[in-house]
Each structure stands twice: as structure tokens, then as C-alpha cells.
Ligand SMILES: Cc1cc2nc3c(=O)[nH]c(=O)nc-3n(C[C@H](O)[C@H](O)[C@H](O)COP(=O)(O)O)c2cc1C
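First, one chain by itself in C-alpha cells, the form predicted alone.
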């Protein structure tokens, strides 16, 4: 793909096209980005999440999570986050600065839960214990449903992207803002 895309708008459109594909294609490299958030102790927590939905027009990314997850309380205190996407096929890294929000109820959450509740993944949001709970031995959550979903939708409003394309003939890098673009040194 090196240098096939020349203008900022072509690159921006291709990034959002790939993000959209990643939300639907479980084999796409961007399906499981790393999300970094600020922890309560002033440190940074980073974890792999699953990209579930994308709205290019609104510049939003959607991830599902257990409402009891530590990241939910972190986001309640500090809404800034950073997604890191890497694709060896594209030789692209995209770092997306985002403002995060958590939704645990409402029509949108209900619609997403309706989709998830029909899948095997539904039990991930119905476990008796919260993610990260200390346990005595190897955790086995099979059959340990509460019957009540602890389902939450994490929405990420993209405020800025740092795009890096690696190539044998040289690298290209740019900062993409909602209403602008800057070429950067690689």
C-alpha cells in the first residue's frame, strides 16, 4: 500500500474504511486494538479490547465491557484514552486519542445486548464475580451465571489520530484532526 494513498482525505477515508472492516471481520488485525487509560494510582493501564462497531461519520468506536470492570471506574474518573492499532498487512500504525464514555442502559445498550445475548459471548457479561477478582485457584466461570447481565457499551469519540506508514522507501506520518491534517516526521 506504500504511497498508494497521497492526499490527507484519501488516507483519512482509508483509515475509517479499515476500522469499519475490523469491527465486522474477526480476522482483521485492527479488530483487537490496545486501549490505554489512566489508573486510579496515576499509572497507565493498557489492555486488548475487541472493536465492535464504528461510525466514521461521527468518528466513534464502540467496545463492549463488563460494567464491573476496573476500566469502567477508571473511565468514570478520567475520560481520556488512547487506542493503538497495528496492521502488518498495511504496515500501518494508528494511535487514536479518544474521549471515553460508558453506557449501561438505554436503547442503544439494549440493541447491542440483544445482539450479544444470542451469542456464546453473553455469559461473559453474566459471571457472578467481577473481572479481575482475586480467586483461590484457576478461574472457571462455566455455569456461574448470575442471570443478570453486567453489560456496558464503551463509546470512544476520536479527537485525533496519529497515522504512521512504514515502508522500505521511507516512512510517512501524519496527525489527523477533526478539521485538519499535519504531516509529521516519522
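No experiment lies behind these values; they were computed from the predicted model shown. Residue numbers count along the first chain shown, from 1.
The following text describes the form predicted together with the ligand, which does not appear among the structures shown.
Participant: Looking at 32, 60, 128, 117 here, can you tell me which has any non-hydrogen atom within 4.5 angstroms of the ligand in the predicted complex?
Facilitator: None of the other options qualify; the answer is 32.
Participant: Of these, 36, 50, 56, 122, which has a heavy atom no more than 4.5 Å from the ligand in the predicted complex?
Facilitator: Of 36, 50, 56, 122, the residue with a heavy atom within 4.5 Å of the ligand in the predicted complex is 50.
Participant: Please tell me whether any heavy atom belonging to residue 69 falls inside 4.5 Å of a heavy atom of the ligand, as the geometry stands in the predicted complex.
Facilitator: Residue-level check for residue 69: yes, a contact with the ligand.
Participant: Closest heavy atom of residue 151 to the ligand in the predicted complex, within 4.5 Å or not?
Facilitator: No.
Participant: With the cut-off set at 4.5 Å between non-hydrogen atoms, does residue 45 touch the ligand in the predicted complex?
Facilitator: Judged by the heavy-atom cut-off of 4.5 Å, residue 45 is in contact with the ligand in the predicted complex.
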